[in-house]
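The form predicted alone is given below as one chain in structure tokens.
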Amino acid sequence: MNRRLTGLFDTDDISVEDQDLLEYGQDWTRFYKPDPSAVVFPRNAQQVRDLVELARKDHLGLVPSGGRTGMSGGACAIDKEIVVSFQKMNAIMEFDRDDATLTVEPGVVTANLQQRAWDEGLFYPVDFGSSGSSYIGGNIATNAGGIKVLRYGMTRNWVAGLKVVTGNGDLLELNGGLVKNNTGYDLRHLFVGSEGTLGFIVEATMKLTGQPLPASVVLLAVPNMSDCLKILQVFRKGLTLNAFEFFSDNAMEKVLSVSEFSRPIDTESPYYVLLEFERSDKTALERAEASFAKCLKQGLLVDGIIASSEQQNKQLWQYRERITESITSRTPYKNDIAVRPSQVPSFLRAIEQVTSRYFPEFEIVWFGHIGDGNLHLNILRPEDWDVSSFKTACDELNHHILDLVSTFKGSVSAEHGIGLLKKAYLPYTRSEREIDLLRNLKQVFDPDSIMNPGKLI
């Protein structure tokens, strides 16, 4: 195989070193042993097309690799596939001020795209804790959400155009950055969230917007998780909210254990809400204080803090953004579930009953984007359990949670994707007929099943 690959790539762009196979053959998921045959680093779309042609001829699986920050095994190569790392396709190709777009290669780090937009006096609003390491190609392939979906929506909302190489080897240019294009099926959106199973993104044109006004962050101590939506309604009535997050007290403890931070609020509470509001006028802070007082009077919260500087804004965000990092060593079994925001209180009551009944021996860390109905339920591996036994136990118990998700007509994957980890759970959200149609679509674009094989469907 190496001889065939050297016909397509320079030797510096191919690796079979054990350390590279391990590093590039997995994402943040730790339930699968990586076992790729090689890692390649294409530098342009033509090399990707040539690789697809080789893979079709020799029946080789291709697994796309970006920043490898995924949490569902979507970038894991476990069956001698070739890992296709887009690390070297990292150019910001064009800024168009009139269109307010940036055209980039898939290996551009999300934070670099954000910074370039800011330098141009504009704003790319999709943001999350891994923005400093995730790639825009992976964001698009998983339709990444993050911490400001409440105001700005998912990645899908910001994709103006794509170039993709399909499993047929075709190079498709989709939508071309057009604002209006009512000419039939919009294939661009078919590739957003497809997890590399139909083709690989080789170029993207991303929409930008005006820079936001200054904002302030509020951290609230909340006794009951089911009251979070009531708090959201109070603050939303008088303020423009950029984000509305929540996390459990043990999530706070985990962050404190891996940092030099101290508790930001003296009063301990089972749950915390972190919200960010735009200071749209001189009275915004007064309205925030009034909303705080109203929630306090109604018993929805017991304490809180409103940031008084940009530095304190950043500090308070750290308590939320560093949760994932703080629990990684415990190999968390993650549920990234979603219901309609209006269903959140009743869903939370139901799911708390399930977790206390079926998961009493496991520590559970809660956090999520409760403002858009997205909850992250993280079951932590006991330190004296091996990973395999832990995953088996969680797999057996998890159907109780997913039965609830199905009852509420929710999603088993709000933003992390399906990958390998949640493939068996897809029927809890999608009907049998829908899944058949998804398979038919894959057959159209990837007839030889070489594009990220085994993932999603």
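Think of the rigid core as the biggest set of C-alphas that the two forms share within 1.5 Å after superposition. Just so you know, these numbers come straight off a predicted model, no measurement behind them. Residues carry their position along the shown sequence, with the first being 1.
From this point on, the text means the form predicted in complex with a further copy of the same chain, which you will not see here.
* Asked: Three residues, Thr69, Pro223 and Ala251; all within 4.5 Å of a further copy of the same chain in the predicted bound form via heavy atoms?
  -> Per the other structure, none of Thr69, Pro223 and Ala251 touch a further copy of the same chain.
* Which one, Ala243, Leu377, Ile327, Val339, lies within 4.5 Å of a further copy of the same chain in the predicted bound form by heavy atoms? -> Spelling it out, the residue with a heavy atom inside the cut-off is Val339.
* Of the options Thr331, Asn143, Thr355, Asn90, which one has a non-hydrogen atom that comes within 4.5 Å of a further copy of the same chain in the predicted bound form? -> The option sitting close enough to the partner is Asn143.
* Spot the stretch among 296-304, 128-136, 383-391, 364-372 with residues whose non-hydrogen atoms come within 4.5 Å of a further copy of the same chain in the predicted bound form. => Contact criterion met by 364-372 only.
* **a further copy of the same chain contact in the predicted bound form: Asp99, any heavy atom under 4.5 Å** => Looking in the predicted bound form, residue contacts with a further copy of the same chain include Asp99, since a heavy atom lies within 4.5 Å.
* Does Phe9 make contact with a further copy of the same chain in the predicted bound form, using a 4.5 Å heavy atom cut-off? -> Close contact is absent here: in the predicted bound form, Phe9 is far from a further copy of the same chain, nothing within 4.5 Å, heavy atoms only.
* Asked: Just to confirm, Lys57 within 4.5 Å of a further copy of the same chain in the predicted bound form by heavy atoms?
  -> Lys57: no, not in contact with a further copy of the same chain in the predicted bound form.
* Asked: Could you tell me if Asn182 has a non-hydrogen atom within 4.5 Å of a further copy of the same chain in the predicted bound form?
  -> Because a heavy atom of Asn182 falls inside 4.5 Å of a further copy of the same chain in the predicted bound form, the answer is yes.
* To do: Can you tell me which bits of 149-175 touch a further copy of the same chain in the predicted bound form, meaning any heavy atom within 4.5 Å?
  => Contacts from 149-175: Val149, Met154, Arg156, Asn168, Asp170, Leu172, Glu173, Leu174.
* If you line up the core, does Gly146 shift 2 angstroms or more at its C-alpha between this form and the one not shown? -> Moves: no, less than 2 Å.
* Asked: Cα of Arg188 displaced 2 Å or more between this form and the one not shown, core superposed?
  -> The answer is no; the displacement is under 2 Å.
* Did Gly368 shift 2 Å or more between this form and the one not shown, C-alpha, core superposed -> Shift at Gly368: 2 Å or more after core fit.
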